[in-house]
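Taking the form predicted alone, here's one chain by itself in C-alpha cells.
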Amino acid sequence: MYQVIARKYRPQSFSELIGQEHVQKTLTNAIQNQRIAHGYIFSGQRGTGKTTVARIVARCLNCIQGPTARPCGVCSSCVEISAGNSVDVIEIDAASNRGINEMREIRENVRYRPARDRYKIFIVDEAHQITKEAFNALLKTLEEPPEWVVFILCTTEAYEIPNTIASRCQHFSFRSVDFDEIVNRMKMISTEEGIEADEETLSVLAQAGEGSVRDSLSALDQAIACCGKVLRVDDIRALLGMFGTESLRAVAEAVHKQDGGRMLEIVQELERNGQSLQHFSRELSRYWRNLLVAKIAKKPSRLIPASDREQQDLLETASWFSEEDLTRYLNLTLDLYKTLQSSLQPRLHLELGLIKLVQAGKLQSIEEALAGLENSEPAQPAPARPVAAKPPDEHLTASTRVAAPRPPAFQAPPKSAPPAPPAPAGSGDLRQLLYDALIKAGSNFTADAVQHSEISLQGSDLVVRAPKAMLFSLKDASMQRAASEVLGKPVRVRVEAGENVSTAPVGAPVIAPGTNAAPDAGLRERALSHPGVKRFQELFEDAQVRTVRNLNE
C-alpha cells in the first residue's frame, strides 16, 4: 500500500528533526542525565513535529539500549512504537476521547505496570479538546503518577490548557520551521524519490506550507500525483491556486503609475480565469508585506519566504515606494481581505479596494504638507482691478472722511451660523469666576469645559450650554461646588447640549469697536505675516487664526 511522503519520511530520531533545536537539545540532555519528567506539554502550529517528537521520546525511553538519546531503531520496542502498535505507548485522540469517563479509564490504566517496556507512555493529541471536568479528574494522577508513567500532551492551542495542568508539566513551544530548512528537506526527498524540481518550484511548495513541514510535504505529494516526475512552477501554482509574482507585481505597477483602469482589467482577468478573489486578496496582502520587509532590509532576507530570484524582484519593486506607502497599502489590503470574507459581491469590493490603492498613492502625508509650507514661496496676490474713484460726499467733513478699514488678506469670510442667544449681563465675569474656582480646586478638565461653554442665570438655575463632547466633564460634582462658591448660595446647575456654542477663551481680551487693539496685537501681526502662515492660508481658504501664543513665555 502506498504511504504518503509526510509519513514515509517522518523523523525517527532527534538527529533527523529540523527546526526545533531548542526542544532537541533540552530533551537530549534530560534523557542523558536521567532527568525525565513525568509530564510534558508540546504546543505549536500544525505540522511542526509535536507528535513526532513525542514518539521519538517514547523510543528513547523504551529502547532496549535505553534510556538513550539515540535509539537503535531495530529492537522490538523501537519498531512497534514507529508503527504505532506498541502496547505500552498509548496514543489518545482527545478530540474524540475528551470526557470524564475516558480520563477515569486512563487513571485506572496508570496503576498497572508496563507489559514489557520500561515506561508506560500516554501521548494525548489535541489535548486542548479535553473538557474542564476531565482535566480535573486527571489532576492528581498527573501530579503524582507512578514512576513508570510519562504523560505527553500535544496541542495547537496551549492557552486552552488549564493552568493547574500546565503547572504540573514541562512546556515546550514548537516554532514554525524556517523556509530554507523546508526547501532543503524537500530537495533531499525529491532526490530520494527521483523527482525533478528546481528551487523556484520547491519555494512555491514551501510557501504553501506556511512554516508547516507536513503541509509542505503534502503539497509536494499532491504535485507529484498531478505532474509526475517533473515539476514545473507554473503547473504547481495552477494546482495549488497560487498567484505568480507577475500578477501581483501588476498591481504594484498600477499603483506606481496611478493607473486605475489597469486595476479594473486585473479584476476582469481574474474573473475570466475563474480565480478566487478572496484568495487573490490574501496573496496580495502577503505580497505587500514582503515588499515592506524588502524595503526595510534593503537586501535578501530570511524573513521573506521566497527564492533568490523572487527576492531580487521584490527589492526592485520595493524601490518604487516609501515605507509609509507600503505600510498604507498593506493596511488597505488587509481590510479588503477581511471585507471579502463575507461579501456577497466580491468583484465590486475587490475593484473598490484596488482603486483605493491607486488613490492612496496620490495622497501626501500631513508631515510633508506642513514641511513644504516653510520652503515654498507664498503666491503673489493678483493685481487689484482699478476702480474709478468716487467723488467725496459733500455732506462729510474732512474729519469724518476716513478710509474704511479693510479686512486682512488672510481672514476667510465668516461662515453663516445661527445667532447665539444673548447672554445676561455679567455672564462673562461669571464664567471667569467659575473657571478660576475650578482651576483652584484642581478640576482642570471641568475648567476647560467651562472655558468653551455659554453660562447664564435663569432664576435660581445656572444654565450651562456646551458641546456634546464636554457634557460629561460639566456634570462633575466639582462644578456644583464651584457654582455654589461663586454665587455664595446653593444653586442648581443645569447642563444643556448646544449645537453652535462659540465662546472666546476665558481671559481673552475683548476689543470694542473704535478702541485700540489688544496688547498682543503686535505679536498677532508678526505671526500672521510669517510666510508659512500665509502659505497655509492660501492652501486652505477657509482657515481662520483664532489664537496666537508666544511659545517663549
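All values derive from a computational prediction rather than experimental measurement. Quick note: we count residues from 1 along the sequence shown, nothing fancier.
If you look for the form predicted in complex with a small molecule, you will not find it shown, but the lines that follow are about it.
- Contact with the small molecule, judged by heavy atoms within 4.5 Å in the predicted complex, is confined among 50-58, 32-40, 65-73, 482-490 to 50-58.
- Residue-level contacts in the predicted complex: of R465, K120, R185, R431, one residue has a heavy atom within 4.5 Å of the small molecule, and it is R185.
- This chain is displayed alone, yet in the predicted complex one of R214, R286, R107, R168 has a heavy atom within 4.5 Å of the small molecule; that residue is R214.
- The candidate site formed by A6, Q20 and Q45 is fully in contact with the small molecule in the predicted complex, as each residue has a non-hydrogen atom within 4.5 angstroms of it.
- The small molecule is not drawn, but in the predicted complex it has no heavy atom within 4.5 Å of G532.
- Taking the partner from the other structure, the small molecule in the predicted complex has no heavy atom within 4.5 Å of any heavy atom of V149.
- Remark: A94 does not count among the residues lining the small molecule in the predicted complex, judged by a heavy atom distance of 4.5 Å or less.
- The small molecule in the predicted complex is approached by V177, whose closest heavy atom lies within 4.5 angstroms of it.
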